[in-house]
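Starting off, we have a lone chain in the form predicted on its own, written out as structure tokens.
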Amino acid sequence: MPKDVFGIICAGSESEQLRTLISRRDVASLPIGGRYRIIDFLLSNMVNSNISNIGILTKKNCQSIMDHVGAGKEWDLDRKNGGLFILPPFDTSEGYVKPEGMLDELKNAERFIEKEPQPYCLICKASVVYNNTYDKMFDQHLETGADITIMYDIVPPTMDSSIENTEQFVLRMDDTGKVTDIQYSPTDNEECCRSMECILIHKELLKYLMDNAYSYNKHNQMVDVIKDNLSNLKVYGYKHEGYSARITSVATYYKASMDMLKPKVLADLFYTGNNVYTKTKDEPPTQYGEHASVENSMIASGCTIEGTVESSVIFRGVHVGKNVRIKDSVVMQNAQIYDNSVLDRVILDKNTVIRPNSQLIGTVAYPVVIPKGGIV
């Protein structure tokens, strides 16, 4: 596989439902799990599959992702041949042009695609969190003689539409696993095979599909282009086993963060035998005060905990003051929560300040969000 596949990660997102968390960053660089970024999972998945040529398609707010991944040292991608490539935002002589969909983003990476020596391209959207390798997917692709293979997972009919984003692509397949139809946001509440926005395709076919779509002035999603060609191509689904989460809204980000506190999800993401790599930042051990209390929580290094933390994710360098109670919340790096405050179902972005005696209470579907650098 390492000689045959290169990777492309589409790092950006224009989701209005995420705007409070990605106004200054790509969705790929959104912090998650106490010390990681969303892109860490996809980069690690590719590296664990021995994919050593990876391009990251960024959008307008790309400084955060560039600061995080750098030259790719933490993923062993700082190489003389191949390695990690940051592909700049979609640009023209008139300035920045907002891509209409994944097809526009891939078209912007056309030169990168052409020069890569590997014949197959693995395209992943960075808003999906999971731990897996792509070796078996590639083996299935060759065994079935597929033109395109799409990774999917099974979504139960009990999915909470108030939390989960119902805007999704659902694969309909026959008994052999061949895709016969792709539906967008079906309304029937039944178990379905949901695309994980991970596509394996030969790069020559990819170039042909892009050029053909552009000749008809189509700039939309790559999945739409595949759907239009289902009768001409052999498209197969590949089932992902284990946990996965799509970060497409504040509610889904919050749910994924809370899911990581569950032992089964924690095992699926971090104890499969496939490491999740990230940029390391050395911090002193977290200090716990005399009256501190922590239960079922992730606490990163460099924190000071003097209050109570329950079922929450606390990032590096956070200060939790005396008589503070934090429950079911996500607190990002260097946030300061001062004495006698209460946070319940809250997301604090980086460098936020909560003044003494404050009270913030949200809901599972609508957690309270304080943007980066906010003061309450």
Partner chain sequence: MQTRKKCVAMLLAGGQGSRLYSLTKKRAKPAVPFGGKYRIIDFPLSNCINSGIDTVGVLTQYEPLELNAYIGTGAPWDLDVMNGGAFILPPYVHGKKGEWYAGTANAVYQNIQFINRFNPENILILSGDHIYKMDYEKMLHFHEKNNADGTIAVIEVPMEEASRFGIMNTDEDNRITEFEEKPKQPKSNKASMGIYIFKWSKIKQYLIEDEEDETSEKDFGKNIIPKMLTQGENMYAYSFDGYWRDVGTIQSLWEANMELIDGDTALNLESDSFKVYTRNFSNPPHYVAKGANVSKSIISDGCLIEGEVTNSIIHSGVRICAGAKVSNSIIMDGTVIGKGAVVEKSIIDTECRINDKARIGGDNDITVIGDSVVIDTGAIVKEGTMVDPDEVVEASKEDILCQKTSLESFAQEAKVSS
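Given the structure is predicted, the values throughout are model-derived calculations rather than measurements. Numbering follows the first chain given and starts at 1.
We do not show the form predicted together with its partner chain, though everything after this point is about it.
**Q** Taking the partner as it appears in the model of the complex, which of 115 to 123, 271 to 279, 102 to 110, 143 to 151 has residues with heavy atoms within 4.5 Å of its partner chain?
**A** Correct option: 271 to 279.
**Q** Counting any non-hydrogen atom inside 4.5 Å, which residue from 289, 88, 83, 177 sits next to its partner chain in the model of the complex?
**A** The residue in contact is 289.
**Q** Answer with one of 221, 212, 229, 301: the residue that has a non-hydrogen atom within 4.5 Å of its partner chain in the model of the complex.
**A** None of the others qualify; the residue that does is 301.
**Q** Is residue 191 close to its partner chain in the model of the complex, meaning a heavy atom pair under 4.5 Å apart or at it?
**A** Although its partner chain is absent here, residue 191 would stay clear of it in the model of the complex, with no heavy atoms inside 4.5 Å.
**Q** Please run the contact check for residue 157 against its partner chain in the model of the complex: heavy atoms, 4.5 angstroms, yes or no?
**A** Residue-level check for residue 157: no, no contact with its partner chain.
**Q** Closest heavy atom of residue 170 to its partner chain in the model of the complex, within 4.5 Å or not?
**A** Although its partner chain is absent here, residue 170 would stay clear of it in the model of the complex, with no heavy atoms inside 4.5 Å.
**Q** Do residue 297 and its partner chain come within 4.5 Å of each other in the model of the complex, heavy atoms counted?
**A** Yes, residue 297 lies within 4.5 Å of its partner chain in the model of the complex.
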